[in-house]
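Before any questions on how it binds or moves, here is one chain, the form predicted on its own, in structure tokens.
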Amino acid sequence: MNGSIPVIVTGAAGKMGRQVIQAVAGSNDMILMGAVDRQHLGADAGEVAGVEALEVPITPDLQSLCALVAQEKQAGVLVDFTHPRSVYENIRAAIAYGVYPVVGTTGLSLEQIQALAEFCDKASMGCIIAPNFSIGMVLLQQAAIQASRYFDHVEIIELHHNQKADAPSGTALKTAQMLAEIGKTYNPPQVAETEALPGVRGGLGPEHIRIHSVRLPGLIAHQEVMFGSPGELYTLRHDTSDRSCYMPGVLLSIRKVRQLQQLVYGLEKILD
């Protein structure tokens, strides 16, 4: 027990929060020390997550839990799957108490990420923000970077459940940013385009990469990167059928974030 990593989960009653609690409870080197949400207040976090009782009640008070974890011998970790409106302050609160954040909530602006990076630098503390914790998505992004050297035309389509608050997804934006970083501009215009319906061509991302968002019940998380050239299409697609696919990446991040002294953006940055 003394060698276990203390973990706080924010968004504990949400779909991803419950999955994280299951994963932490099933690991042999972590212990759930706190669960934060505004639903199921006072309920046992383990029972809400569908595992055995963990004697950790759900509370709305993140700061008290951070203060508690800060007294542990092992440095603690906050895992945040909440909402774009609250994630920024959650991260700042954790760092202020010496608790290392692992963040899956998307919707942070570039300015907010930069401000958090500076906050981490001043505190000499690690933080991992990952738009997607799936190993399969990391592999898709790496394949897309390789393909981008040979194709000049690309568009991204991301599909999520209709309870997702932000669009486009952080994963789609991250993919576009990675493709833009190789130093080329995509989709040279062939005609003077007009939109009879505003926005029908999607959002315009970096280096003229179009991103299209779909929100429907029945979806979880899906992404396509479509490359085109005369006479052929090359399509990369990743489909999520169960949120458990994110847990290896989350657990890896919990173990590695305490070794960092700065903010890292993207799961690929910590993979060996």
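Definition used throughout: the rigid core is the maximal C-alpha set that superposes within 1.5 Å between two forms. Since the structure is predicted, the reported quantities are computational estimates derived from the model, not experimental observations. Heads up: residue numbers just count along the shown sequence, starting at 1.
Beyond what is shown, the protein has a form predicted together with another copy of the chain; the following relates to that form.
Student: Tell me, out of 92, 164, 83, 184, which residue has a non-hydrogen atom within 4.5 angstroms of another copy of the chain in the predicted complex.
Tutor: Result of the distance check: 164.
Student: Considering non-hydrogen atoms and a 4.5 Å limit, which listed residue (124, 190, 109, 71) is close to another copy of the chain in the predicted complex?
Tutor: Filtering the options by heavy-atom distance leaves 190.
Student: In the predicted complex, which of the stretches 98-106, 112-120, 141-149, 72-80 has residues with heavy atoms within 4.5 Å of another copy of the chain?
Tutor: That would be 141-149.
Student: Check residue 41 for me: does it contact another copy of the chain in the predicted complex (non-hydrogen atoms, 4.5 angstroms)?
Tutor: Result no; residue 41 lies far from another copy of the chain in the predicted complex.
Student: I'd like to check something about residue 215: if you look in the predicted complex, is any of its heavy atoms closer than or equal to 4.5 Å to a heavy atom of another copy of the chain?
Tutor: Output for residue 215 is yes: heavy atoms within 4.5 Å of another copy of the chain.
Student: Contact between residue 168 and another copy of the chain in the predicted complex at 4.5 Å, heavy atoms?
Tutor: Contact with another copy of the chain, yes.
Student: Examine residue 226 and determine whether its closest non-hydrogen atom to another copy of the chain in the predicted complex is within 4.5 angstroms.
Tutor: Yes - in the predicted complex, heavy atoms of residue 226 and another copy of the chain come within 4.5 Å of each other.
Student: Between 108-143 and another copy of the chain in the predicted complex, list the residues on our side with a heavy atom within 4.5 Å.
Tutor: Residues within 4.5 Å: 134, 135, 136, 137, 139, 140, 143.
Student: Once you overlay the rigid core, does the Cα of residue 232 travel 2 Å or further between this form and the one not shown?
Tutor: The answer is yes; the displacement is at least 2 Å.
Student: For a quick test of reading the superposition: does residue 197 move by 2 Å or more at the CA between this form and the one not shown, rigid core aligned?
Tutor: Yes, residue 197 moves 2 Å or more.
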